[in-house]
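First comes one chain, alone, set out as structure tokens in the form predicted on its own.
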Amino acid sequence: MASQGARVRAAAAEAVDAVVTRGRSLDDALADGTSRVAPEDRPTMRMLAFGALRHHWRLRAWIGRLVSRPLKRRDSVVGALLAVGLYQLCDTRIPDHAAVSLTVDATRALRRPKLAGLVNACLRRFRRENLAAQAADDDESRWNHPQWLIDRLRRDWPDDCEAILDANNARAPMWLRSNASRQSAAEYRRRLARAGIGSGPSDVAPDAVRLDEPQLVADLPGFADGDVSVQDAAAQLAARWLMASVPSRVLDACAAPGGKSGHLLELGGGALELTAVDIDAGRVQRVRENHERLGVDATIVVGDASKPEEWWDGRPFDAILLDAPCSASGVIRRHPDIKLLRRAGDVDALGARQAAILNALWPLLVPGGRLLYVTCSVFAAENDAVVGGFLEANDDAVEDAVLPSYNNRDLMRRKACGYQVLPGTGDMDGFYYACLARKVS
């Protein structure tokens, strides 16, 4: 029977293979392997899978040099296991002898014992020839991104492309959102300190707390009671931006998994009437669960935001948060599988979808109301191109370009319309914001 360490590596390899060969999301693939790994070893499983995908193109290039004959399709999981093994040797503090022996043992856990010799030989040759010190000879293996994504970043962000690529390949910090209806971020940081957990503040998000080291949510004081949530600081800008106009009736469109709507309700208290709509029934259940944990109440609807006639009650909203479905190119450091799951044609198709939703929701806004358009994308085709086209086509729409906080100015890039937070800026994820006001005729 394989050791627990070998089973951890086998589970990580199966998750990586599911992403690479079957197009599954990493979170879903890892969930399948959780039951086979002891709770104390699950962080290691996640670290190995995330690392192997984060550096997929570099690892793939090395495997191509180490394996003289391509693996058969049915043995693709062994290629993923090789990636997990190489990642351990070049990017972790795991001792080489343990990384090699446990990865070789994992071939048995994967029911591929005949390939143990190949895995052993490849890992030992990698160390012996010091392949990690050799420079990459192509863009993909140098930057660990698909070529189409590199090219698009170069086009949209010529002066920032390399910084974005580097940020995408870094590990994302764990940000929390303190429940402002119960305590300030400073007060929650003191609770963390009493629990022996180090943390820091955000310069731009008043409710944000950055952990010095990631923690299990079960170990966070008050998490189960709704005193705190996990949410990147850049995502936390949305609720306070929209609530600055003190609306009483708000729509959160494309609301799942409910982080932003929860924040809106924390800030608005019992006076805020909020409707949250999302097209995915499974993800809507996540909204309900998050709201229940926070102890907040909203009208939660399963529906297509681009077809409000199917779910809207006819009463206009004072404010609308449109967290538009997007490529998620701004959160790659948090979800490295995005680099493999997205395709070049997705971006323009998403831009068309976003424009359709924006046009459909605009009539639901009262004159004088505001709509905050948000994506976690860095691509113009999903951001200022969508908003700019909408402004040109709608005479009753104008951009409200006033930032909600003076501190935001240095962290947000002004676009032709709207503002962009680039990945890694202020240790935050990449987000785009554009605030639109409906003119009073």
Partner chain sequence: MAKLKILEFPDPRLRKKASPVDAVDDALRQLIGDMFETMYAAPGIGLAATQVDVHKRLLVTDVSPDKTEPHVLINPEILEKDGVALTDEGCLSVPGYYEEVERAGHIRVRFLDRAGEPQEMEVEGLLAVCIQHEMDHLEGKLFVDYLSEAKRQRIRKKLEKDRRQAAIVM
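Positions refer to the first chain, counted from 1. Keep in mind that what you see is a predicted model, and the values were worked out from it rather than measured.
One more form of this protein, predicted together with the partner chain, exists but is not displayed; see below.
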Location of the partner chain contact in the predicted complex, chosen stretch of 135-143, 344-352, 105-113, 236-244 [non-hydrogen atom, 4.5 Å]: 105-113
Check all three, Met174, Gln231 and Ala256, heavy atom within 4.5 Å of the partner chain in the predicted complex: no
Any non-hydrogen atom of Arg409 within 4.5 angstroms of the partner chain in the predicted complex: no
Non-hydrogen atom contact Asp41 with the partner chain in the predicted complex at 4.5 angstroms: yes
Contact of Ser306 with the partner chain in the predicted complex (heavy atom, 4.5 Å): no
Ala2, heavy atom within 4.5 angstroms of the partner chain in the predicted complex: yes
Sole residue of Asn169, Ser101, Asn290, Ser199 within 4.5 Å of the partner chain in the predicted complex, by heavy atom: Ser101
